[in-house]
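Here's a solo chain for you in structure tokens, the form predicted on its own.
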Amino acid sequence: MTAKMAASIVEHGEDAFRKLFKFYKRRSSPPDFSEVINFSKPCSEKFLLYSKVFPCELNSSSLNEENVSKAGFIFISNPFLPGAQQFWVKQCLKIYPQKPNVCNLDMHMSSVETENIWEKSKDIIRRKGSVARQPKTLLEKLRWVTLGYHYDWNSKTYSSEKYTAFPEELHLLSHKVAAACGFSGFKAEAGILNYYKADSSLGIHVDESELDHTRPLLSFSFGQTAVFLLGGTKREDCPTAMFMQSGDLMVMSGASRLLYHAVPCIVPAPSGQALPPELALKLETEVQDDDIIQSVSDVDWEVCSCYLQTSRVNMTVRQVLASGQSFPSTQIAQTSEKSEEDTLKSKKRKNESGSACID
């Protein structure tokens, strides 16, 4: 069904990407997922023959930047050891939303109100299963968190003026993943965490705000399954649909680094399966104090698992600057002036309205 529709779209020269995006996003009647690639299952020889997908072992000794750039897009099916996913979910929900990191709630609330999002939300989330019609917690209102160089959603830029220390453990994970894919010396400088509810989507876009596009973009997914669309350099290029499941990684490099992509929908969980089975696994080895991956307490995981029953979390990690590169001085000056102007406007709006609200 989708192949015929896509062919018709391309033939008529329409926006093929948006058509397919709307097809998977529709709620009036469930979309057909039969042509969505599932990398967790072996690909048939026929599929490999007629596509540009080819399987390979993740081995840094056989990869380098030149041949990886030719391949471009790399999909890694859940490489995490048992129990490791729980740690990263906890980081995304409990640790990374903490100050001084920035989140969407900061656009509507004071810094005092958005402190300790986890502590203000955890008890209500744990009771959700037994108490109906509870109001949304701050954690459930999270849509994004930025790390390192904080992305400015208005100007679509990064700057040296808006920076906080990047999480060491996430930098190490990203560095190792990039090295295993043939990108030595990758430096994690900015992160955007997206929080998806069952009815959420991510619009069609290209990640081009980083000053250096020779470095890959890394994407980590946890929780419910989503459909990911990877297109071409033009909106008329028909995208390829694939499932992103809990623990899956994507590396966009080379020619794929500046391709259009989007997430049109979250896939309903199978009947009787609230969470992917991989998320129920505990760490198998004894944890040392200096280990990056730490075990998650039962109390913390109860909150995380309740949240993930209808949600998905995605971390994207980027290197913003090339080695030795710095932000243009004009950009820094313009960003500072814009920041001061935005602050004055914000204060004026607050004084006029008398209060702030959350969408």
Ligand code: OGA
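We number the residues from 1 along the sequence you see. Source: prediction; values computed, not measured.
A second form of this protein, the form predicted in complex with the ligand, is not displayed here; the remarks below concern that form.
| Single option in Trp88, Phe80, Tyr196, Tyr163 placed near the ligand in the predicted complex, where near means a heavy atom within 4.5 Å | Among Trp88, Phe80, Tyr196, Tyr163, a heavy atom within 4.5 Å of the ligand in the predicted complex occurs only for Tyr196.
| Of Arg127, His205, His108, Lys234, which one comes within 4.5 Å of the ligand in the predicted complex, counting heavy atoms only? | Exactly one residue meets the criterion: His205.
| said: At 4.5 Å between heavy atoms, only one of the stretches 164-172, 94-102, 114-122, 261-269 reaches the ligand in the predicted complex; which one is it? | reply: In short, 261-269.
| query | Should Thr316 be classed as touching the ligand in the predicted complex when contacts are defined as heavy atoms within 4.5 Å? | reply | Yes, Thr316 lies within 4.5 Å of the ligand in the predicted complex.
| Is the gap between Leu142 and the ligand in the predicted complex 4.5 Å or less for some heavy atom pair? | No - in the predicted complex, heavy atoms of Leu142 and the ligand never come within 4.5 Å of each other.
| message | I'd like to know if Ala188 sits close to the ligand in the predicted complex, meaning any non-hydrogen atom pair within 4.5 angstroms. | response | No - in the predicted complex, heavy atoms of Ala188 and the ligand never come within 4.5 Å of each other.
| task | Answer yes if any heavy atom of Met244 is within 4.5 Å of a heavy atom of the ligand in the predicted complex; otherwise answer no. | result | Yes, Met244 sits close enough to the ligand in the predicted complex that at least one of its heavy atoms falls within 4.5 Å.
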